[in-house]
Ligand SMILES: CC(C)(COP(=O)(O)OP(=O)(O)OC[C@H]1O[C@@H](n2cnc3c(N)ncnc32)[C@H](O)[C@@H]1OP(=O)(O)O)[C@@H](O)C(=O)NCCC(=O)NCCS
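There is one chain below, alone, in structure tokens, taken in the form predicted on its own.
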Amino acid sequence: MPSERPDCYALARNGASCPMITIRSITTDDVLYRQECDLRESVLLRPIGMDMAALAAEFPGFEERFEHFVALLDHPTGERVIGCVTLLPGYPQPRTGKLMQMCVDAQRQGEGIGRRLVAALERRAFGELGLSSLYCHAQLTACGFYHNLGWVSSGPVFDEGGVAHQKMLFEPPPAED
């Protein structure tokens, strides 16, 4: 269960220090990509009996099409990937995107890192790519997280990888003139 620690924004408002965490996009050629894959395997894939090779076999060509976003902790020994999310733009249709492979290191959950990752993905999807909607397949335990970000549930609960999921949708509010 995630800790109930305040996020970095709340810590800063109360005058406490917070480790430097940045969000940025990377490619599969980035030195940090291996850390992203390791995090995805440990948090998302191994618990359901998969690894990156099995994911690539199930979704051929997706890894190279993903836009990768990582949360980085500034550490004395170098940057550490502590969260990640991927965007598959134009899937399954041109103006739609799919949020996939969202996770945050278990020791860092509850700090607002996931919220920051989704916000970066939404800025890219809507502000830069001009997508009109996003969706994801959220584990039932994560639906509240997405609801708090303005996403809505759609359709029945379904099984994916042996885990109960719910389709979640997000459309930005109409632009004001």
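Keep in mind it's a predicted model, so treat the numbers as computed, not measured. The first residue of the shown sequence is 1; numbering continues from there.
The discussion below concerns the form predicted together with the named molecule, not included here.
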| Any of the heavy atoms of residue 36 lying within 4.5 Å of the named molecule in the model of the complex? | no
| Any of the heavy atoms of residue 124 lying within 4.5 Å of the named molecule in the model of the complex? | no
| message | Considering non-hydrogen atoms and a 4.5 Å limit, does the named molecule approach residue 55 in the model of the complex? | response | no
| query | Taking the shortest heavy atom distance, is residue 148 within 4.5 Å of the named molecule in the model of the complex? | reply | yes
| note | Among 26-34, 60-68, 127-135, 104-112, the stretch whose residues bring a heavy atom within 4.5 Å of the named molecule in the model of the complex is 104-112
| message | Quick one: 44, 141 and 144 and the named molecule in the model of the complex, is every residue within 4.5 Å by at least one heavy atom? | response | yes
